[in-house]
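Let's start with one chain on its own, the form predicted alone, as structure tokens.
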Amino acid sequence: MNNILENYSKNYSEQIKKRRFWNIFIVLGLFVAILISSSIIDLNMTRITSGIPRLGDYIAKILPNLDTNLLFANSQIEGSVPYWYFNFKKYIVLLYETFNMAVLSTLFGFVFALLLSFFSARNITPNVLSFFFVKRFLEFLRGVPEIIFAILFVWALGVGPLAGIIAMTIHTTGALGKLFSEVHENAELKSCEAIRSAGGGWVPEMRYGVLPQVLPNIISYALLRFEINIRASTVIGFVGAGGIGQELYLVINFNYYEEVSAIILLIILTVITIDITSGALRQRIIKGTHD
């Protein structure tokens, strides 16, 4: 019994030493990696400490000059909310345009991604060649940022939401294609075998054997991507791809400080509203699959 306890104590102390050694090694490795990264990105604490106050100055400039006694006065009186949002109708139209950009790009990307995902899932693809080429194609689509595609299409098609919709559709196809193919690879294929034994082809197998299983997860991922596209449609507006982001870029360039804060606040409220709504829908879908 004593020998067993001695051996256990010896093994335990050896494991502690090994764990301690690896912990020290990992910490030192992280420290070295941070030092190397700092030199590459030219991390300068002097620039950071001098830049933070300037950030505070800019935030102070974009804050609206509201007067509590005049909050609900008409749009001609400075210090009121209507004066701050004198361009409110224009902003709402641009927000609606941004929302439509996100909806259309998500919808088109969803359709294309769903079609391609059946070819990029290893367990259900018709052949190895289709798997390889479609997989690489989806990697290319999601590997290039939306803003790069937006710049290309703005140059080709001109300024406007069409360039933004195409750019986000391309990236959405690549991102959702990857997620959908991973969902397909986790699907049970017994129903596909039954369809095949009854004389059904590959398309009926996908339509009736795989799709009903994965549809809740696919819808959940599509809603999540819609949230992402709302934010992306704001960013790509900076390169002329339409929406509220394009207007935000203009007011920032012309130093219209109060308009900057007015637009940012509207964007934040819109994103929060959509995130909450979309999140609730996704939770209901996920909950429905487990009931």
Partner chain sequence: MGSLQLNSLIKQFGKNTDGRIAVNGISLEVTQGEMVGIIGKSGAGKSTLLRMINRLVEPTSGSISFDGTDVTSLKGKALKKWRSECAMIFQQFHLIDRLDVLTNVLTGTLGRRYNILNLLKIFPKEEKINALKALHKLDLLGKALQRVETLSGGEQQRVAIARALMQKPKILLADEPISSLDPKNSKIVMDDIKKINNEEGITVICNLHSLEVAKQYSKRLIGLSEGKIVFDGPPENLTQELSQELYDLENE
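Because the structure is predicted, anything quoted here is derived from the model rather than measured. Positions refer to the first chain, counted from 1.
What follows is about the form predicted in complex with the partner chain, which we do not show.
Contact annotation: Pro212 falls within 4.5 Å of the partner chain in the predicted complex, judged by heavy atom distances. Taking non-hydrogen atoms only, Lys89 never approaches the partner chain to within 4.5 angstroms in the predicted complex. Contact between Glu193 and the partner chain in the predicted complex is found at the 4.5 Å heavy atom cutoff. The partner chain in the predicted complex comes within 4.5 Å of a heavy atom belonging to Arg207. Proximity to the partner chain in the predicted complex, defined as a heavy atom within 4.5 Å, holds among Pro126, Gly79, Gly200, Gly160 only for Gly200. With the partner chain left out of view, the stretch that reaches within 4.5 Å of it through heavy atoms in the predicted complex is, among 103 to 111, 79 to 87, 184 to 192, 129 to 137, 184 to 192.
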